[in-house]
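Given as C-alpha cells, the chain that follows is alone and in the form predicted alone.
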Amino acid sequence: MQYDTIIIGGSFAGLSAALYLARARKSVCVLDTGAPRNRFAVESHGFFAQDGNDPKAMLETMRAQVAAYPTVTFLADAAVDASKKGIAFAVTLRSGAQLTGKRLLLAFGVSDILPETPGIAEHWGASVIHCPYCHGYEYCDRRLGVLNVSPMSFHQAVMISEWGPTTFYLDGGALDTAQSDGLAQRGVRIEAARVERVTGDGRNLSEIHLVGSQRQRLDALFIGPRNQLNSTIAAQLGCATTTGPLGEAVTVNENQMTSVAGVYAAGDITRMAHNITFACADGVMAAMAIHRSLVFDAAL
C-alpha cells in the first residue's frame, strides 16, 4: 500500500500532524518506537488543559484519539532507510518491511547527551532538568544550581536566577570578566570547583559533591546538554541541516518543508527551543502544508 504520508516519529509533533491529516481523510502511517524524549519526566507543564499531567498519559490519549480515524495505521517499528522513488518515497523499516508514501514527515526527535557525572542520569527529568519554563516553577525559591556543560550554560545561569537563589557550577571551566560581572549583578554565586557527583533520595536531588570533599545542599540542578538527532534519515535524503550550540537541526521553511521537496520535518529536530506546545504547532503546520501540496500539486 502507498500512503499519502509516512510520519517517522509518533510523539507530540508526529501525532499532531497525523490527526490533521486523518481529518483531511488522507492515509497516514505513523512509525514509532515508543521512546519519547520526555519519558523521564513525571509531569509536563506549560501546555493548556494538560498542565501538570504525566506526558506518557498525554501521549496515550493522543494516540488513542488518532487511532480512531480509519485512515491511520500505527507501526511499532523504526525507519532505517529512505529514498526518493519516482514521485514517491520508499522507506525501509528495521523489521525489513518496506513502505511507500507520497510525502514524508520527519518527527523522530532528538536525544540528550548527558554529562557522565554520577547521579545526573538517575535524576534526569525529575530534579536534574533543562527547561525552566517546563519545570522551574515547581522549584522556585529553593536551592538551584546550573552545571556548566555547554556554551549556553552561562546564559542559562543568568536566566535561572529568575526562579530562585542560583549557583553556577563551573566544573573546572572559566568565565571572562564580563560574564562574572553579569552573574554578580543577578546575584548568582559562582563555584569554580569540579563536580564529582550529585546525590539524593530517589529522584529528589539533595546534594552536589565537589572535589575536595565539599558538599552543598541543592534541590534542583539545571543543565543544557547537547543533543543529537535520533535518526540518519534526514541525511540519507539530503535534507539541509544547521549546527547550533546544542546540536544539529533540520532546516525547514515557514511550512515545515525541508530542502528536499515532499519531505517535511517537525518538532525538536527543527528548532533550538523545545517544548510540547512548539512540537504540536509544528506538527499541525506540517500537516496542513502536506495536505495542500497533495491537493494542489496533483491539480497542476
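Counting begins at 1, following the sequence as shown. Remember, it's a predicted structure, so these values are computed and weren't measured experimentally.
Beyond what is shown, the protein has a form predicted together with a small molecule; the following relates to that form.
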Checking a candidate spot here: are R142, N148 and L221 all in contact with the small molecule in the predicted complex (at least one heavy atom each within 4.5 Å)? no
L205, L104, A79, I160: which sits within 4.5 Å of the small molecule in the predicted complex by any heavy atom? A79
Answer with one of S259, N255, Q65, T33: the residue that has a non-hydrogen atom within 4.5 Å of the small molecule in the predicted complex. T33
Segment that reaches the small molecule in the predicted complex - one of 65 to 73, 265 to 273, 247 to 255, 234 to 242, heavy atoms within 4.5 Å: 265 to 273
Would Y169 sit within 4.5 Å of the small molecule in the predicted complex, counting heavy atoms only? no
I'd like to know if F89 sits close to the small molecule in the predicted complex, meaning any non-hydrogen atom pair within 4.5 angstroms. no
Quick check on E60: any heavy atom within 4.5 Å of the small molecule in the predicted complex? no
Contact test in the predicted complex: N230 vs the small molecule, heavy atoms, 4.5 Å: yes
